[in-house]
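Consider the single chain below, provided in structure tokens and representing the form predicted on its own.
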Amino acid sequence: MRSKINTFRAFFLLLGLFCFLSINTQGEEVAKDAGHTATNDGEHEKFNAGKFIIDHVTDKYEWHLWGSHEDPTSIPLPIILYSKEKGLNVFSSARFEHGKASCNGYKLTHDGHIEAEDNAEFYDFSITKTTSEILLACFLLLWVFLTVAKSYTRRTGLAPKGLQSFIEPVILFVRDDIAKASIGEKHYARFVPFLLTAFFFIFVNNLLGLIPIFPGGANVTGNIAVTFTLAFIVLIITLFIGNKHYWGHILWMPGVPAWVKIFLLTPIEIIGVFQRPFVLMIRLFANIAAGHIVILSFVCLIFVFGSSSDLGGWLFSPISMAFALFMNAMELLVAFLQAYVFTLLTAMYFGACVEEPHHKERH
């Protein structure tokens, strides 16, 4: 009993330190960027909370470590551009000097996008902050599962130990409570690898996004391009695995008048085929992005109140930090919950596609 109590104390202590570090790091960045850009009259502009928040949740061509955005300390990432006129261009994002210089005929705009100085069309294959975090998550997952796989080969017939004892219950949870329960005993096994991949990919990237310092902090699953790709993969799978029974109920429902099928039900069902992955995309994107925005909003409120008077900022800071600390702790739950919901709904869509008819024909 004493060991369990000590374990819970250690867990909540680490949770508190993690949340405090996250909010403190975000607060320092806000303080350095809190409206110290001078106007032409020599006066300071008011702190723009909206611009600061959007700047932190969008993708970047560098990995910001610390410092203000006018003079930051960051890790440059590779820029990979291709155009028919200039061919392939590969160089470091440091060549842009945070938007103050151009390189090889390309420039970085104020909103963080790359443009060609001659307005020529080009393809951008750059390794951005989001891409780097995705690669990091993939390497981390490979290391974890290869380590667990070796543990099974070395410890055949023995109880799980170490990392194996942590990963195995999660795998069994996804297999038994999500895949088998939603798809059925007959067809669930072939979908388990994809469901496990989707679950752990989303879960790990959600956790990495909550880490305020390098190598975390990228808003991967709060990026609409990432969630679109995940949802598009689900859509492609559902289009190919659907059986005769599934497509029969989508395109030509039995027992319904023909005019109702043609003008009402069939169009609705076809829209529903594409609507379900769209809902997956929006739900994951909106929930993760909203969590980052809410936490940053609470931190920014200190400097919004402080822009009118220093006393207002100091008086409101305990309230703001308390709400931000609570939201940061809630995001740990949301990280798991969103991975679970995405995997569960995907399994339900797969289950509907491979479901076999339960009724018997009457002769």
Partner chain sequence: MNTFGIILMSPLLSPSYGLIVWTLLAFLTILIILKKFAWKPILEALKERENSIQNALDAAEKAKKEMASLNASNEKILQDARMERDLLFKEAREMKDSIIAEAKTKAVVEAERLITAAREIINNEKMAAITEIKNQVATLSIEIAEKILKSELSNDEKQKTLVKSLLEDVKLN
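For clarity, every value in this text was computed on a predicted model and none was experimentally measured. Positions refer to the first chain, counted from 1.
Quick note: we don't show the form predicted in complex with its partner chain, though the next part is all about it.
Partner contact region in the predicted bound form: 128-136, out of 206-214, 259-267, 128-136, 89-97, criterion any non-hydrogen atom within 4.5 Å of its partner chain. In the predicted bound form, none of the heavy atoms of residue 272 sits within 4.5 Å of a heavy atom of its partner chain. When its partner chain is considered in the predicted bound form, residue 175 lines it closely, a heavy atom lying within 4.5 Å.
Proximity of residue 106 to its partner chain in the predicted bound form: non-hydrogen atoms within 4.5 Å are absent; the residue sits far from the partner. Within this chain, residue 317 is remote from the site of its partner chain in the predicted bound form, having no heavy atom within 4.5 Å. This chain appears without its partner; in the predicted bound form, the one residue of 120, 225, 163, 253 with a heavy atom within 4.5 Å of its partner chain is 225. Checked against its partner chain in the predicted bound form, the candidates 116, 241, 148, 235 yield a single residue with a heavy atom inside 4.5 Å, and that residue is 148.
In the predicted bound form, every residue of the candidate spot (192, 198 and 293) has a heavy atom lying within 4.5 Å of its partner chain. In the predicted bound form, the residues of 146-161 lying within 4.5 Å of its partner chain by at least one heavy atom are, in order, 146, 148, 149, 152, 153, 156, 157, 158, 160.
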